[in-house]
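Take a look at this single chain, the form predicted alone, given in structure tokens.
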Amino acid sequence: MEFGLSQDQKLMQESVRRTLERVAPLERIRRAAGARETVAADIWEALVGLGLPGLIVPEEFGGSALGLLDAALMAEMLGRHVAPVPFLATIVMAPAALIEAGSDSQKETWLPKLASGEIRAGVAVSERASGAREGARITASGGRLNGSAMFAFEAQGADLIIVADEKGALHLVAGKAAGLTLTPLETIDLTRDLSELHFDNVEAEPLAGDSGRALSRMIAAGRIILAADTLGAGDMMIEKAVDYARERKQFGRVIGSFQAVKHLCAEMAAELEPGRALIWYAAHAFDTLPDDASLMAAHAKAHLSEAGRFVARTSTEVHGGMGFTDLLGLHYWFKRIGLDRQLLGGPERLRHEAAVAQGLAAA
């Protein structure tokens, strides 16, 4: 059986790649990072023009009704360009939760606006996916939320935030709700929007359906997208290392002619490329084999987290001292891969989850 991309998927990915090459060159990313601009309006508008916000939203709500594999292909391109845009929460995780557990009214209210790019959504589920600090929790009672949530995705400027409480139930919160305090978090990756949220008797609307299943689904989707983002960033770092090895001369020869450098470049490709099949299958499972989705998402992200770190380190080594300079900008991809590794669970946690799911370890 041959499993590959359709012609439409290849064309869509190529279209996004060309758009990002035009609107998100390295100099634009450098300006965004310097200004702490985690949502670059011009880049976001270009993606809205391509219809990306409605990628997985059903047609009846104004979306394209495509699958998570299509979203992963787009995430790969965003990783290649370390694009500072609200993709993870706004385009994937929030719509996934609403599709899975939203009432008819909730879907009709929010999905068309998300699909058109009219609004953006944040997601606060990190405590359920990657562990919480001692004493940190969100409690729900009488339609109100109290507590705090770390590492909320894309909450700054969001019109809607989907929040998981301590029991795993999901709630819809207005981005400017009374009693909600948002504190931006500065991480190593200045192209990502992460925040700490504090809830003081904040009004919230619970999702009407099975929140437990919806939470599991949205976390699996997020992990697959992060793995695809790492794949794209790793691909770009390999390309930059190979290009540099073809140009940089030492002892009268380009360094790419030295066997040691050839081996480094080959090892990077050998480490990263198997992850592509893992991501594709995990995204395929999300849409067609839902019972396998969480397990495959854990495998895919755990593998890409390790492979991505190897590529980031090795690509920098191929560049030598130049690899640490802002002139080349290699550090933007290095940091993107580093943060992707930890969001929604590091590889150690994910491997443990996979072992538990397969009956190989105790919960």
Partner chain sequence: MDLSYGPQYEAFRAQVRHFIETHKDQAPRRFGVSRPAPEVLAWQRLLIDNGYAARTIPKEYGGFGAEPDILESRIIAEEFTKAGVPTGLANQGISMFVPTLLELGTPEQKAKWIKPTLRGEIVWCQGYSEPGSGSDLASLQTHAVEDGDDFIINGQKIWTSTAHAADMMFCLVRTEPDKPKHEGISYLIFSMSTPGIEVRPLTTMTGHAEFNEVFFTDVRVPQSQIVAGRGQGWYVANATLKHERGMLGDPNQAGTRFKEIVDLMSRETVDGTRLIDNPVMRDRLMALQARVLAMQFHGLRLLTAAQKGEDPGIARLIVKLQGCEINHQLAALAIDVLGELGVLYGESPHLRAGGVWQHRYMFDLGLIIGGGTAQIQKNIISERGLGMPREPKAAKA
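Positions refer to the first chain, counted from 1. The model shown is predicted, which means the values in this text are computed figures rather than measured ones.
Beyond what is shown, the protein has a form predicted in complex with the partner chain; the following relates to that form.
> In terms of non-hydrogen atoms within 4.5 angstroms, which of the given stretches 149-157, 94-102, 205-213, 284-292 touches the partner chain in the model of the complex?
Replying inline: It is 149-157 that comes within 4.5 Å of the partner.
> Of Leu182, Ala245, Ala132, Ile119, which residue is found within 4.5 angstroms of the partner chain in the model of the complex when only non-hydrogen atoms are counted?
Replying inline: Of Leu182, Ala245, Ala132, Ile119, the residue with a heavy atom within 4.5 Å of the partner chain in the model of the complex is Ala132.
> Though the partner chain is not shown, can you say which of Leu50, Leu26, Met322, Ala35 has a heavy atom within 4.5 Å of it in the model of the complex?
Replying inline: Result of the distance check: Met322.
>> Quick check on Arg17: any heavy atom within 4.5 Å of the partner chain in the model of the complex?
In response: Looking in the model of the complex, residue contacts with the partner chain do not include Arg17, since no heavy atom lies within 4.5 Å.
> Is there a heavy atom of Met12 no more than 4.5 Å from a heavy atom of the partner chain in the model of the complex?
Replying inline: Looking in the model of the complex, residue contacts with the partner chain do not include Met12, since no heavy atom lies within 4.5 Å.
> Using 4.5 Å between non-hydrogen atoms, is Arg253 touching the partner chain in the model of the complex?
Replying inline: Yes, contact at 4.5 Å.
>> With a cut-off of 4.5 Å between heavy atoms, is Glu108 one of the residues that contacts the partner chain in the model of the complex?
In response: No - in the model of the complex, heavy atoms of Glu108 and the partner chain never come within 4.5 Å of each other.
>> For the stretch 303-319, I need every residue with any heavy atom inside 4.5 Å of the partner chain in the model of the complex, listed N to C.
In response: If the 4.5 Å heavy-atom criterion is applied to the partner chain in the model of the complex, 303-319 yields Arg309, Arg313, Thr316, Glu317.
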